[in-house]
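Shown next as structure tokens: one chain only, the form predicted on its own.
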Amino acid sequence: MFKQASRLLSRSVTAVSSKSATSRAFSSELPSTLDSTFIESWKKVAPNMDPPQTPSAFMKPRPSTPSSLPTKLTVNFVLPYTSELTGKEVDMVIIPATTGQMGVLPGHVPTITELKPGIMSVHEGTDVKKYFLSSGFAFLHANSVADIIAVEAVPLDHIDPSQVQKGLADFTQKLASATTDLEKAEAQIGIEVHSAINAALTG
């Protein structure tokens, strides 16, 4: 009796399901109608919001690239505590990039390069001014402007060679007696910097 009742019940459920499946249309078969009344109402109350501004919207426009090659390179040489050169027009500048000494002339391709300890020379006619740089970055722009930022810099003619030799000897001794990785790293950095200064003075 129970088996017969369960069979009848399953038949009735199946019949109802098949009827609803045949009578209900798929979503893809529905007509694509738009509620024009809703759209017009939304336009009346929709907030008038401008798109958010990005950081580039607050920046000054980039200087235009000159159509002809300039005859001079404009150099801005900046340290954390002073501006050594501002808008200085020179013939060439040679910077100590991590990839090697880089000569920069007017019309140089736009580049960003990291600087290592070494000599930067500024050439203006027959006059050459040399600086020793500890580290920094150089930004070379398409309009023949070079922005050079250094952590420390000093004119080469202000360096005492005897003090360089003494510092090199002191850091060499510290490296030999270092017992920790920190002491070894500090001594190695001191040796590299003083070696670069010494090479600049003797070269």
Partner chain sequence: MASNAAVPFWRAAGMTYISYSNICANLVRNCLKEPHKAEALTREKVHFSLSKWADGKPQKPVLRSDTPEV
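Bear in mind that the values here come from a model prediction, so they are computed numbers and not experimental data. Between two forms, the rigid core is defined as the largest C-alpha subset superposing within 1.5 Å. Residue numbers count along the first chain shown, from 1.
Just so you know, the form predicted in complex with its partner chain exists too; it's not on screen, but the next bit is about it.
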Any chance Lys43 has a heavy atom within 4.5 Å of its partner chain in the model of the complex? no
Check Leu140 for me: does it contact its partner chain in the model of the complex (non-hydrogen atoms, 4.5 angstroms)? no
Would Asp127 count as touching its partner chain in the model of the complex under a 4.5 Å heavy atom rule? no
Contact test in the model of the complex: Glu114 vs its partner chain, heavy atoms, 4.5 Å: yes
Residues of stretch 129-157 in contact with its partner chain in the model of the complex (4.5 Å, non-hydrogen atom): Phe132, Ser134, Ser135, Gly136, Phe137, Val151, Glu152, Val154, Asp157
When you overlay the rigid core, is the Cα of Glu192 off by 2 Å or more between this form and the one not shown? no
